[in-house]
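The chain below stands alone, shown as structure tokens; this is the form predicted on its own.
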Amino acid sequence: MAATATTYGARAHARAQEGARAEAMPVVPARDWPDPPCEAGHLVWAETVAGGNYTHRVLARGTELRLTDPHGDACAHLLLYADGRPWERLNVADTVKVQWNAYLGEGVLLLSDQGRVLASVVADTSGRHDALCGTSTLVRNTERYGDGSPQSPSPAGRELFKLAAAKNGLEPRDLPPSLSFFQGVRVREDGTLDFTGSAGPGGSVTLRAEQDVTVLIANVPHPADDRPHYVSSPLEVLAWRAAPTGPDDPLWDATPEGRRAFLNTAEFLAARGLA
């Protein structure tokens, strides 16, 4: 008789798995992550997200979030919401146009539709990111790979975002265009897009939460990736307690537009007794 043929046997088998580690899974508590980038006790999120999967978390203001592409084929599609105020969310169009910059990298602010800073990019070793194309869809993935549903071998980013959103009280209508990290796109002189792909294994980008934020991440191939097969490698996600950007930080005054966004954020938080 199989060890799991009875309820007692199944329970014993399940309990025997305690402490086992898979390549892609959350580490709880986060302080048990090997070789942490900060004091282990400061870690609040440690997870490896499989290709074709998603994750989500609420992070406190000042938390730093590092995304790493260990194998070179991750693509972290990102959405941000002001926690408790989901109507204030990442606005990719404003992030690009307000800062006169279509390319993500160190020093870029991720702005909401209220002219406030949700997060800032404080470090970047990849340089291959995208603020223009959004994520993949069910229709497109079905055309390319034969299926795009979330339980399929080739889930679409938007379908995974729907699942992550539902776990935070959000609906499909709450999903705006997203940003993506580790698979780059550039604009050619004629206005067409050039998919530049990955910078290779080991690239990372670090964000700093400038408000309490809800973070949704889908790790799926970039929609402009022209490889015939669904290629998506694991994504490493680490977050730790730190401090938000203040007026003495060079980033605060790096540009007039950025300074105004930080001032908008500071005034709003002060009025709510949060800063």
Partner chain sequence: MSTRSVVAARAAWSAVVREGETLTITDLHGNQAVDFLVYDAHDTSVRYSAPDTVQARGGIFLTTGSVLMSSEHTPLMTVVRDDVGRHDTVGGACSKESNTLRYGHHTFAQHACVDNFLAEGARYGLGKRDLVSNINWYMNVPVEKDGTLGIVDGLSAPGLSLTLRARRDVLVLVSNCPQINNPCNGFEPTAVEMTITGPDRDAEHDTDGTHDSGSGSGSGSGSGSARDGDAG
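Positions refer to the first chain, counted from 1. Everything numeric here is computed off the predicted structure, so don't read it as measured data.
Beyond what is shown, the protein has a form predicted in complex with the partner chain; the following relates to that form.
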| property | result |
| --- | --- |
| Any non-hydrogen atom of residue 176 within 4.5 angstroms of the partner chain in the predicted complex | yes |
| Non-hydrogen atom contact residue 142 with the partner chain in the predicted complex at 4.5 angstroms | no |
| The partner chain contact at residue 135 in the predicted complex, heavy atom, 4.5 Å | yes |
| Contact test in the predicted complex: residue 94 vs the partner chain, heavy atoms, 4.5 Å | yes |
| Triplet 10, 32 and 149 all within 4.5 Å of the partner chain in the predicted complex via a heavy atom | no |
| Single option in 122, 98, 164, 199 placed near the partner chain in the predicted complex, where near means a heavy atom within 4.5 Å | 98 |
| Listed residue (204, 154, 168, 114) with a non-hydrogen atom within 4.5 angstroms of the partner chain in the predicted complex | 114 |
| Interface residues of 200 to 234 toward the partner chain, as seen in the predicted complex [heavy atoms, 4.5 Å] | 223 |
